[in-house]
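Only one chain is included here, represented as structure tokens and corresponding to the form predicted alone.
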């Protein structure tokens, strides 16, 4: 069965998943230890983990009988590309405004 691919923004839309990413930014954690930070069932934690994994935010490695989750840069690259696009857009707009204001101040003199 093909796993559905999640958009990076869909993946981080849920506050629980954002909290999971913050927890994983400190250290890799097992699914059980991640679940200890939430008031939700183990299947619900697993569902959130699957979404983060499908969106490229985490990798899951089986070590012994436990599954360890670790942050992965792929999902964050999609977010950064989107933010970079609008960052360039606003820098361009502000530069044009700066030039316009500078030219107006020169015309007043």
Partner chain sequence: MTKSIHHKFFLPHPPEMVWDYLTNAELMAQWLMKNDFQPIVGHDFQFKTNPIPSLDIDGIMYCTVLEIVPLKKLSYSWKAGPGGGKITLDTLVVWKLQPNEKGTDLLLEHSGFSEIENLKLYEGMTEGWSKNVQKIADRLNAKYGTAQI
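Residue numbers count along the first chain shown, from 1. Quick caveat, the model's predicted, so the values are computed rather than measured.
Separately, the form predicted in complex with its partner chain exists; it is not shown, and the next lines address it.
**Q** Using 4.5 Å between non-hydrogen atoms, is residue 68 touching its partner chain in the predicted bound form?
**A** Answer yes; at least one heavy atom of residue 68 falls within 4.5 Å of its partner chain in the predicted bound form.
**Q** Look up in the predicted bound form whether residue 79 has a non-hydrogen atom within 4.5 angstroms of its partner chain, and give yes or no.
**A** Contact check for residue 79: yes, within 4.5 Å of its partner chain in the predicted bound form.
**Q** Could you confirm whether residue 43 comes within 4.5 Å of its partner chain in the predicted bound form, counting heavy atoms only?
**A** Because no heavy atom of residue 43 falls inside 4.5 Å of its partner chain in the predicted bound form, the answer is no.
**Q** Examine residue 32 and determine whether its closest non-hydrogen atom to its partner chain in the predicted bound form is within 4.5 angstroms.
**A** No - in the predicted bound form, heavy atoms of residue 32 and its partner chain never come within 4.5 Å of each other.
**Q** Sequence order please: the residues of 18-41 with a heavy atom within 4.5 Å of its partner chain in the predicted bound form.
**A** In sequence order, 18, 21, 22, 24, 25, 26, 27, 28 come within 4.5 Å of the partner.
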